[in-house]
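Let's start with one chain on its own, the form predicted alone, as structure tokens.
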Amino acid sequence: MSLLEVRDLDAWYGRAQILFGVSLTVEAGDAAVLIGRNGAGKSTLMKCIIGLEAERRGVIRFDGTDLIGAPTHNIARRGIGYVPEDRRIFMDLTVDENLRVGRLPLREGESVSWTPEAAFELFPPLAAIRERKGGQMSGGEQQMLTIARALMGNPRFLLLDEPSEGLAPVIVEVIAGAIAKLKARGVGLLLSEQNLHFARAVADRAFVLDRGRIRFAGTLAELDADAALKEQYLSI
């Protein structure tokens, strides 16, 4: 059984339908990437999974449990973390305080909890600025903090919306290393990306999304080998 299963998912903003019959699966310890142009529906799909889109129809299951209709806080408590594209850290709180805000109690049967110290091991640059307020941090530092804060909820699955966008190469490398370590810990990940180079570095499988529909599902190597598909759905 897949850790995350999305099947025949439709979604709307008011009268405008955004997703059309989207289906995908992600296993524990795997990283899958949603690739597509701006407006393809990647962020909408992320929000549907975490429960931020009211109008959706289809199947979303996490570890066998149906998530359609569940409130966002219950979905988070089941073990799904969400890193939004706009980060949404608390600008007036320090790194340490942002991490404490994100902590959730362990779920039944779990014995290992994420701590700020563990997050600093994953993102060493944050350790040196743990007393710095969010509003005084660079974009790359904020992105690392946003991911670290999501980990404080002890997720078994992580949604990352455009994690490499606008970041310096050295920070992108740190985030890629963190994703590899999370996979090794058995965390499942679903990323949305436009950066195909970054996707190759971190993901096991790719789903190409265009105008709300899945146009390709397979490995990154298979995607790279299909020049016509990349030209049709990924070129600008």
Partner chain sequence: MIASFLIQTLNGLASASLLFLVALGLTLIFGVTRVVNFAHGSFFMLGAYMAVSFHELVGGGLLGFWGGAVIAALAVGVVGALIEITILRRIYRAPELLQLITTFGVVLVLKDVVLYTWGPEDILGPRAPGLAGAMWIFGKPIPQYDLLLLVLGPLVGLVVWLLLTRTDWGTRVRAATEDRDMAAALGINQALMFTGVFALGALLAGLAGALALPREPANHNMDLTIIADVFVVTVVGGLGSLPGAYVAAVIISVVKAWCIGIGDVRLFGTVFSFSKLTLVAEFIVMAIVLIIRPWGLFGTPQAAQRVAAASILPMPVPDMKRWWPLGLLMLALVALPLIVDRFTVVLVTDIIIFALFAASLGLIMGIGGMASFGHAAYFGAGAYAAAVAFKAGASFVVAIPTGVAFAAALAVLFGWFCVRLSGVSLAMLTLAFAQITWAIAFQWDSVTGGSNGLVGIWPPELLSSKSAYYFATLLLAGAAILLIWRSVHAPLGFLLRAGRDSRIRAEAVGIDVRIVQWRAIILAGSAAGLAGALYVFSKGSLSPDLLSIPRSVDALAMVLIGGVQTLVGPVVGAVVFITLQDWIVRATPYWHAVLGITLILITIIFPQGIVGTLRQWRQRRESAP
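Residue numbers count along the first chain shown, from 1. All of these numbers come straight from a predicted model, not from anything done at the bench.
Missing here is the form predicted together with its partner chain; even so, the following discussion is about that form.
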ask   = Just to confirm, residue 127 within 4.5 Å of its partner chain in the model of the complex by heavy atoms?
value = no
query = Should residue 50 be counted as a contact of its partner chain in the model of the complex, where contact means heavy atoms within 4.5 Å?
reply = yes
ask   = Though only this chain appears here, would residue 120 touch its partner chain in the model of the complex if you measure heavy atom gaps against 4.5 Å?
value = no
query = Is residue 97 close enough to its partner chain in the model of the complex to count, meaning some heavy atom within 4.5 Å?
reply = yes
query = If contact means any heavy atom within 4.5 Å, which of 184-192, 170-178, 65-73, 37-45 contacts its partner chain in the model of the complex?
reply = 65-73
query = Are 200, 223 and 233 jointly within 4.5 Å of its partner chain in the model of the complex, each by at least one heavy atom?
reply = no
note = Contacts from 84-100 to its partner chain in the model of the complex (any heavy atom within 4.5 Å), listed N to C, are 84, 88, 89, 90, 91, 92, 93, 97, 100
